[in-house]
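As a starting point, one isolated chain is supplied in C-alpha cells, in the form predicted alone.
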C-alpha cells in the first residue's frame, strides 16, 4: 500500500531544526517529497540525510525568508518543476529581543515582523496559485499563545504572532470555497533552541519534544483533513474555530 502522502509536495519553512525539522521528517515518512527551507545549510543537509535514510526525498532550499524576492523565485521554481504544491507548513519564526518596548530599536522590530509576518504574507501570495493546482491543498501556520497573552518583554514576538493569526484568518475566509484548507497550530511550550533562548532558566526535560508535536501537525496536512479556519491547540488537544461565518 502506498503511504498516505505519496506524490505530494510539501514545503516546510524553518526546516533545519525544531518543529520544522521534526515536521519535515514526519511528512516525509508519510510519503511526501519535502521542499525544506531554512537559513542553515548544515541543518538542511542533516535533515536530507535523515529523510533519505528513511527512504524519502527532499529538495533543499537555503533561504533567509526576509529575502522576499527569493520566496517568489522559489514559487516560480516549484511551478516549473512540479506544477503544484500540496502542503505548506509556515513554521519559521524568530523570537526577537526580550526587552521593554521602549528599549527596542527599530531594526530588531522590523526583523521580527519581516520573518514572522511579511514572509508568510509573501508565501501566501506566491504559493496560493500552486496550492490551487492541488486536489487537496493544505496550509498550516505555526502560531503561539503569546499572540493573545500580551506578556511583558515579548512585544515584537507577541505582536507578530497576533498579526500572523489575523493574516491566516483572512486567507481562510478567502479560500473557504476552494479545495485549500488553511489552519493554525499552536504548539505551546516545546523543547526548541528558540524557547531556550527566551526562557533560559526553564528545564527542557519538562517540555514536549518537536517530534511529539509534529505527529499532530501531519494529520492537518492530509487530503482527508476537511477543516479550515481552525486553530489546533496542542496543549489542550482542542480544535478551535476562528473563521467568521460566511
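Given the structure is predicted, the values throughout are model-derived calculations rather than measurements. Numbering follows the first chain given and starts at 1.
FYI, the form predicted together with a small molecule isn't displayed, but the following is about it.
S.K.: Check for me whether the small molecule, as it appears in the predicted complex, comes within 4.5 angstroms of all of 40, 94 and 143 - heavy atoms only.
M.R.: Yes: 40, 94 and 143 each sit within 4.5 Å of the small molecule in the predicted complex.
S.K.: State the residue from 51, 65, 35, 214 whose non-hydrogen atoms include one within 4.5 Å of the small molecule in the predicted complex.
M.R.: Partner contact (heavy atom, 4.5 Å) among the options: 65.
S.K.: Within 4.5 Å of the small molecule in the predicted complex, heavy atoms considered, which of 219, 204, 55, 188?
M.R.: Contact residue from the list: 188.
S.K.: Could you confirm whether residue 115 comes within 4.5 Å of the small molecule in the predicted complex, counting heavy atoms only?
M.R.: Heavy-atom contact with the small molecule at 4.5 Å: present for residue 115.
S.K.: Does at least one non-hydrogen atom of residue 230 fall within 4.5 angstroms of the small molecule in the predicted complex?
M.R.: No - in the predicted complex, heavy atoms of residue 230 and the small molecule never come within 4.5 Å of each other.
S.K.: At the 4.5 Å heavy atom threshold, is residue 11 in contact with the small molecule in the predicted complex?
M.R.: Residue-level check for residue 11: no, no contact with the small molecule.
S.K.: Does the small molecule get within 4.5 angstroms of any non-hydrogen atom of residue 195 in the predicted complex?
M.R.: Judged by the heavy-atom cut-off of 4.5 Å, residue 195 is in contact with the small molecule in the predicted complex.
S.K.: Counting only non-hydrogen atoms, which stretch in 148-156, 100-108, 122-130, 85-93 is within 4.5 Å of the small molecule in the predicted complex?
M.R.: This holds for exactly one stretch, 85-93.
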